[in-house]
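In structure tokens, one chain follows: the form predicted on its own.
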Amino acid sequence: MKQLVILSGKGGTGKTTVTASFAILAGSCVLVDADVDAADLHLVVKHEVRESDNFISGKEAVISEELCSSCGICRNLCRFDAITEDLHIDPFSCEGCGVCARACPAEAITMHDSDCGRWFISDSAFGPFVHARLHIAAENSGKLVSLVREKAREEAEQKGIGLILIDGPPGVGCPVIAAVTGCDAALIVTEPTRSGLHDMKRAAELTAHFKIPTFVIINKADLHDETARDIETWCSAKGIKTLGRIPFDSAVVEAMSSGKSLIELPEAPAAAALCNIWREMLSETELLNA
């Protein structure tokens, strides 16, 4: 199977819009929302949840009030200030290191599995849709991204689907590394701003480190033509092909507010640009020849 990850060095550049549109243009694929910290692909992809389960990762401390002698040793040792003055655990601060449980003379503290989120496998019009939701302030989003991708691979193998489309997280941190590792191609969605250019460079450096063929598209490109040209110039110098420009189009807001992908509004200029970009992507890669 082939795996294409859609990235952006920063949030709000339009990668979810691009991913949802590509899913329709591909016809058949496994769709993945790897932005588990702020998942939103489910808002524009009609789906029905088929399977779900909790995401258990790491440990959290629990103090037994019956056994606790109120000696305060645990609070003095905790480097994360996760134990309150009245000797209760603050779940948002506890890192699960376990030092309190090891040091407690009354053995009143035990380490329990931490419920960090939930993952889902849904059915959609174009194939399986794998997504997840990390709980507020929960950690290990990179591990959850890896779990979601593994579930997507299983779905693709079971159903004989040759393409996995991944809506990646923004930035260049652990969740992004988990999303790009092992992919066959990466598409970076950027915008013609200085911050867009800066963060696109960081994302491109990351994919270059993992030796992943990388392409770029410029969203809302007509808002600042000079910066759009700067992006194309930098990409050309780095050997990165710019597949196209997407114009600013109010139809994007219309599509999102009605829970549709942009391609479902074929008269929109941005939809036409995405169709051309998809054809360019297929001509540059072997995504549909798995």
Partner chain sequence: MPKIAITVTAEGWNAPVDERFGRAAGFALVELGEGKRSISFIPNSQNRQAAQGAGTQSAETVANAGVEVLLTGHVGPKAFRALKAAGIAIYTGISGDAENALRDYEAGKLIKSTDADVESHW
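This one's a predicted model, so the numbers in the text were calculated from it and none came from an experiment. Numbering follows the first chain given and starts at 1.
What comes next is about the form predicted together with the partner chain, which is not displayed.
Taking the partner from the other structure, the partner chain in the predicted bound form has a heavy atom within 4.5 Å of a heavy atom of Gly142.
Heavy atoms of Thr242 never reach within 4.5 Å of the partner chain in the predicted bound form, leaving it off the interface. In the predicted bound form, none of the heavy atoms of Glu107 sits within 4.5 Å of a heavy atom of the partner chain. Using a 4.5 angstroms limit between non-hydrogen atoms, Ser146 touches the partner chain in the predicted bound form.
Proximity to the partner chain in the predicted bound form, defined as a heavy atom within 4.5 Å, holds among Ala101, Leu87, Cys71, Cys174 only for Cys174. Contact check at 4.5 Å (heavy atoms) against the partner chain in the predicted bound form: none of Ile217, Arg229 and Glu284 pass. In the predicted bound form, the partner chain lies within 4.5 angstroms of at least one heavy atom of each of the following residues of 208-227: His209, Phe210, in sequence order.
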